[in-house]
Ligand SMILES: NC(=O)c1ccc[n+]([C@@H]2O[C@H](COP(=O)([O-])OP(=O)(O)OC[C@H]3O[C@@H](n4cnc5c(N)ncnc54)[C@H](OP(=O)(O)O)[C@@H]3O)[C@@H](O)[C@H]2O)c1
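Quick heads-up: it's one chain on its own, the form predicted on its own, in structure tokens.
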Amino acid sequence: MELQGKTAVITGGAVRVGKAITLALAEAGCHVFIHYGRSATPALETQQAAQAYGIRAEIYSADLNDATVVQSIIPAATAAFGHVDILINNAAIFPEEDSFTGTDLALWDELFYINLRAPFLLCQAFAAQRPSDRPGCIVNVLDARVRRPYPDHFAYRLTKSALWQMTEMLAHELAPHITVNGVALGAILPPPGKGQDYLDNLAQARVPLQRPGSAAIVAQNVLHLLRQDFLTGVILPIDGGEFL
């Protein structure tokens, strides 16, 4: 896909990895519809940074816990830009404590609503608005750790495992007009509350390349997937070999 002049919806597109993807798309000439939850100030800053590349950028606040609100995102983007060519399902929550015994129903619901149900509903709406004669692209942001079935972050792992499976299923379902791919992240950014030293030490101990990745590396790989018209059902592990 030629990205110049296309329109992309990026969930969680105002901060961290989402921001890097948003700005990489804008630099490539793609108009961006930046979803955010509560990060209003970062969303405005990301919008302004994207507009500096000479493209249109709109921001849109939506609570991904609310199915009705989620279903408003693609129609709002379509109303703003006329059509949506690209969907990046990036938004997710990663709780600090999410053990099998420590996961209550409220946390379970929140994780599944945001990490899995929201991408499902967005993919449905995205596919419904695409004309059959116009190609479209979906990229889901996954987690490389789910390749190893450890019990830490129990419900979170289940949501990301299901999204991984959904990515491959939709690659079949939405072909030949829409490609569906994913990026599976490893040590990319320190978790909230941790500094770069934490990530560097983790990479030294666990990553064969002995260094962490970066949000910019993720964005480069997302753009690579978007530009390929003969890749679908592909999930790129961006983990420095950590989960081989």
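This one's a predicted model, so the numbers in the text were calculated from it and none came from an experiment. Quick note: we count residues from 1 along the sequence shown, nothing fancier.
Missing here is the form predicted in complex with the named molecule; even so, the following discussion is about that form.
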{"property": "Partner-proximal stretch of 187-195, 49-57, 171-179, 23-31 relative to the named molecule in the predicted complex, 4.5 angstroms, heavy atom", "result": "187-195"}
{"property": "Contact label in the predicted complex: Asp85 to the named molecule, heavy atom within 4.5 Å", "result": "no"}
{"property": "The named molecule contact at Ile93 in the predicted complex, heavy atom, 4.5 Å", "result": "yes"}
{"property": "Partner contact for Ala219 in the predicted complex: the named molecule, 4.5 angstroms, heavy atom", "result": "no"}
{"property": "Partner proximity in the predicted complex: Asp63 to the named molecule, non-hydrogen atom cutoff 4.5 Å", "result": "yes"}
{"property": "Site test, Gly12, Val17 and Lys160 vs the named molecule in the predicted complex, non-hydrogen atom cutoff 4.5 Å", "result": "yes"}
{"property": "Candidate from Leu142, Ala77, Ala155, Ile138 lying within 4.5 Å of the named molecule in the predicted complex - any heavy atom", "result": "Leu142"}
{"property": "Neighbours of the named molecule in the predicted complex among 21-59 [non-hydrogen atom within 4.5 angstroms]", "result": "His35, Tyr36, Gly37, Arg38, Ser39"}
